[in-house]
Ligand SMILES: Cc1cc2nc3c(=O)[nH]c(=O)nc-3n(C[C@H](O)[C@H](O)[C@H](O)COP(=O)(O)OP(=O)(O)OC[C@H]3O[C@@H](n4cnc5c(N)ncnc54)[C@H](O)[C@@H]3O)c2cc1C
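Just the one chain here, laid out as structure tokens, in the form predicted alone.
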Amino acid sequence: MADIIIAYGEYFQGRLHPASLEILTPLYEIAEKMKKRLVLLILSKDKEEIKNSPDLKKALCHEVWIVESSEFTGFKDDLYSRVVTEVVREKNSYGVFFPSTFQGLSLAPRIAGLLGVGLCAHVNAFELGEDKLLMLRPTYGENIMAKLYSTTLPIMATIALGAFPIREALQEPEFKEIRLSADFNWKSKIRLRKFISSKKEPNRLSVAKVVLAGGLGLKKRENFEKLQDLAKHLEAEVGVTRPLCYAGWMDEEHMIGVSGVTVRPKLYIGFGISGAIQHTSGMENSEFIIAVNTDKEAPLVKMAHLSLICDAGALLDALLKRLRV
């Protein structure tokens, strides 16, 4: 019986990626309704480190499965994909789901290929039909939401970052060590000669308490740089709309919307953003929304809790002047 749902937990250099906990929120609800067991699968060189993780003791799942090996000293996607595939096959899983992190996006297509099943990418929501699990994701230029279902088992999908809030479990999940067959090939074709940490600051947009977002209404890059300056003063994260990514003002990791990051801050301020659905679907659950725009008919102005009808660049100048006094 396929009574197990597996969520991949990205654990790297002693840290669990928070997106691994985000994907448990919808999957736990699905598992409960379908009377299945939700398992968080983690590959690590130290199982005791996993068992003692405070985050994992509160993980919203029924079980945490640990595959331990000294070979997990770096991310080797050929080995990792074979290990996960072996576990999925042995446990006859109903579904396997990955956060849309670098590891998740690397492993999911490899594993789907090894299993010979379909893969749905960038899922934003789930619905349970009478006899099937529907996966929702943007399509046709992000203008519509498609409802997809898998005709193969296990169901496989990657889940968009920030699409779901992290929820904690009421009781600690059961920790189990999973041992692979004695003849499993642990060798990887990848040789790590040297590891150099990226100098790039990690993107914390999906978990930020305050988000300042910029759109084309900023008019010029100079104004966007002022927005970035204001964000530093407020200890906020910066998000953008797709046109600003295309303009090269910010990379796509900071794009908010259906094909970017979903944010749920306590305070969101949109500077010069009209409020197309492609953007608002990624920030509509913010606790308090402020819109800054010269167009009082703009969709974001109408959905905001507070709207300032003015030029975004002029407001940034005034705010920075006040903060620098």
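Because the structure is predicted, anything quoted here is derived from the model rather than measured. For every residue, the number given is its place in the sequence shown, counted from 1.
Form predicted in complex with this ligand: not shown, discussed below.
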| query | finding |
| --- | --- |
| Accessibility of shown form to this ligand in the predicted complex, site-C-alpha superposition, 2.4 Å backbone/C-beta rule | blocked |
| Non-hydrogen atom within 4.5 Å of this ligand in the predicted complex for each of 9, 47 and 67 | no |
| 4.5 Å heavy atom contact, residue 265 to this ligand in the predicted complex | no |
| Exercise: residue 241 in contact with this ligand in the predicted complex, heavy atom 4.5 Å | yes |
| 4.5 Å heavy atom contact, residue 53 and this ligand in the predicted complex | no |
| This ligand contact in the predicted complex: residue 217, any heavy atom under 4.5 Å | yes |
| Listed range touching this ligand, judged in the predicted complex by heavy atoms within 4.5 Å, from 203-211, 224-232, 241-249, 108-116 | 241-249 |
| This ligand: the contacting residue among 30, 60, 276, 290 in the predicted complex [heavy atom, 4.5 Å] | 276 |
| Heavy atom contacts to this ligand in the predicted complex at 4.5 Å, residues of 250-275 in sequence order | 255, 256, 257, 258, 259, 260, 272, 273, 274, 275 |
